[in-house]
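Next comes just one chain, in structure tokens: the form predicted alone.
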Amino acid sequence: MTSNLHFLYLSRQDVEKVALDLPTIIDLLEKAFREKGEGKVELPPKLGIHTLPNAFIHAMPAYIPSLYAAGVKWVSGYPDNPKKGLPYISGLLILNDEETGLPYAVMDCTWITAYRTGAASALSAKYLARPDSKTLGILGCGVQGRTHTEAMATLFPIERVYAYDILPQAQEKFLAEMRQKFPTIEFIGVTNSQAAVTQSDIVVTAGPILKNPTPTIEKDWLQPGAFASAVDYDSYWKGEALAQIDKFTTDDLAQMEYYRTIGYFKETPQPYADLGEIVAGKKAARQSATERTMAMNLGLALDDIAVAPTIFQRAKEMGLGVELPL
């Protein structure tokens, strides 16, 4: 990518100006997960430090040969940050030249994290949700609630969205923004999570990730034929509700197993498959209109490193960023 000892720094504003479209992001993730399913990527388990309860700072490296993409994301998630006027998720992403190892780009990862997460859920839904899914339930009206609405509306004929948040002001802000952004979709605020889950073909739970959650979603709420994306791990889902899932998937089996060893997923079933296996055709996707399906994607460096090189290329074309010496 570069022969001199410089790298391009892209701020959050620069990355947002690139505004990579969701169809492109979903397509890049599909290519990356197909490679993963065929065993052609290098994806070490994420390493983390934890300075506060329910907070994390993770190092997430990945290498995707077919996309000429190698790098690492250094990302933090601090649930109390919004109370301080700070983002829950923040961090940096470094891209390295695959032939020399030299870093050629450093960029803010906030926008990428938000959109690649929604895109990964939409990719799971492409294989596991009914193609005619028209209703969407959003539980958690923050950044992920927004990007998941956009991502699902990219692939499915969404006509109605049921939104719920434990903070009424967050719910109202979400409804106002989404109604403006998607004038042809009906957005309905509901007063409890059950109303959002029971009426939806696709359900997204996007609250904070908690090691010891107090879940609210009960057995029989998710309807036969529905698909759920549990972005917040099992924070919203009771064990008896998870036990009803006919095809339960994740994005990386080894990572889920690691999280079990440190106390997560106490009532979560073993996955049927990971997303790479499904995209590569090694495991079946949805097979009937009545299956309950779920993706509990944990968030992989694969997602970020698949997307970041295209953002770098677009930013260069747009004249964005600052060249800095190593």
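These numbers come from a predicted model, not from an experiment. Residues carry their position along the shown sequence, with the first being 1.
Note that the form predicted in complex with a small molecule isn't included here; everything after this is about it.
> Heavy atoms within 4.5 Å of the small molecule in the predicted bound form: which stretch in 95 to 103, 151 to 159, 177 to 185, 207 to 215 meets that?
Only one stretch passes the 4.5 Å heavy-atom test: 207 to 215.
> At 4.5 Å by heavy atoms, is each residue in I26, A122 and T249 next to the small molecule in the predicted bound form?
No, none of the three is in contact.
> Taking heavy atoms only, is L167 within 4.5 angstroms of the small molecule in the predicted bound form?
Answer yes; at least one heavy atom of L167 falls within 4.5 Å of the small molecule in the predicted bound form.
> Can you tell me if D234 lies within 4.5 angstroms of the small molecule in the predicted bound form, counting non-hydrogen atoms only?
Although the small molecule is absent here, D234 would stay clear of it in the predicted bound form, with no heavy atoms inside 4.5 Å.
> Tell me, yes or no, whether T268 is in contact with the small molecule in the predicted bound form, where a contact means a heavy atom of each within 4.5 Å.
So T268 does not count as contacting the small molecule.
> Can C141 be called a contact residue for the small molecule in the predicted bound form at 4.5 Å between heavy atoms?
Yes.
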